[in-house]
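Before any questions on how it binds or moves, here is one chain, the form predicted alone, in structure tokens.
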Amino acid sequence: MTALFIKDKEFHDFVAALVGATPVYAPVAKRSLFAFERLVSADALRLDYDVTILPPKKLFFPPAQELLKFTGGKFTASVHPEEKVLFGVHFYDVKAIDQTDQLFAEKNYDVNYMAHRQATTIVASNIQKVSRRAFFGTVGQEVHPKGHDAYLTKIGTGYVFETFTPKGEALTKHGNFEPATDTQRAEVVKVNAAVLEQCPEKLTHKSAEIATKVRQAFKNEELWRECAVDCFSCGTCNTVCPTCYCFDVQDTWNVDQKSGSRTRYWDACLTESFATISAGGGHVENFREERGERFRHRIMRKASYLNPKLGGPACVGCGRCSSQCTADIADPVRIINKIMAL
């Protein structure tokens, strides 16, 4: 690992050189919001963003991803990974990518996801502005981000650029960097620690305690009905979540009825159709028919079910679900703190 420093006045040139050398995806403004998009110029980069509309997982696992094309009994894979740099990712989204990496790599190795993931160099960045529903400071504190190749921190009159892999190190050739001083490195630690205290929402207990108490609340049907009473079953909380990874696969046939394509789409466990299965003879069965059951499943998945596998909760505290929920009922902090107080 190396720690380098680049001055503010030279940072723009570094980003411009990077954009000129390789595709760069980074946070850009979308009116009053932000999104990860292909960077067309260094001027469009917004490292002062609070949170993006959709998480950066969309670059490896798009909302609609063609898997293959077929003609008769033959098929052709549609995996065409692009070498690229994902720039300016907040640490909570890196943690989410770490989780998705693990889940898509185990058992049935997902070539489609992993090909795009391995072709990407990730540069994380410090959080300069905290979103209004964030709680990353008090969730999964025992889990640390590890999937990034470099980390950028804004301090004083410039940026400290820490590299962790050869891919991260390779990016430094595009900028006028100098070794970071001990004082600058100490400032990095201070800046990144301070932001954890700035989250407007806070969980009141540790992950292990939460996982146990949430699991114990499984049979409290009155609680889950009450939590979900205003739920529209729209699935927005799933759609914007950086750790949700469920998908549906559909085949589209061309008019010749011999050729077509297979595509996977993001799916959402809060929607009514998610748990509907064929029962034969034209009948169907929905094993999570009630809103409260679907609501419970989401909270169980985020706070308890996956903890043993991931080493912590399947929630990184970005606050996207809370801010995008039309009924304002999806906030995990509000729900979990309520359960912990029972």
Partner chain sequence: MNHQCHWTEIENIFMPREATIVRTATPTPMEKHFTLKMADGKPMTFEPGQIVEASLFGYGEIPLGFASSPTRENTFDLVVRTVGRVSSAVNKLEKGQSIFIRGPLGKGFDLNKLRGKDVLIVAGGIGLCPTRSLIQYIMDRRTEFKRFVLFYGTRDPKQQLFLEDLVAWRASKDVEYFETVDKGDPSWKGNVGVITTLFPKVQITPETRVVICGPPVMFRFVIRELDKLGIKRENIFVDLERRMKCAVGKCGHCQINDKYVCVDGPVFAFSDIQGLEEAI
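A quick note: this is a predicted structure, and the numbers were derived from the prediction, not measured. We call the rigid core the largest set of C-alpha positions that still match within 1.5 Å between the two forms. Numbering follows the first chain given and starts at 1.
If you look for the form predicted together with its partner chain, you will not find it shown, but the lines that follow are about it.
Remark: all three candidate residues (248, 253 and 267) come within 4.5 Å of its partner chain in the predicted bound form, counting heavy atoms only. At least one heavy atom of residue 279 is located within 4.5 Å of its partner chain in the predicted bound form. Using a 4.5 angstroms threshold between heavy atoms, residue 81 counts as touching its partner chain in the predicted bound form. Using a 4.5 angstroms limit between non-hydrogen atoms, residue 164 is distant from its partner chain in the predicted bound form.
A residue is said to contact a partner when one of its heavy atoms sits within 4.5 Å of a partner heavy atom; residue 48 fails this definition for its partner chain in the predicted bound form, lying far away.
Only one of 127-135, 222-230, 68-76, 151-159 places residue heavy atoms within 4.5 angstroms of its partner chain in the predicted bound form, namely 68-76. For the options 195, 143, 115, 234, the residue carrying a heavy atom within 4.5 angstroms of its partner chain in the predicted bound form is 115. For the partner-free chain shown, nothing in 168-187 comes within 4.5 angstroms of its partner chain in the predicted bound form, judged by any non-hydrogen atom.
Fitting the two forms on the rigid core leaves the C-alpha of residue 283 displaced by at least 2 angstroms between this form and the one not shown.
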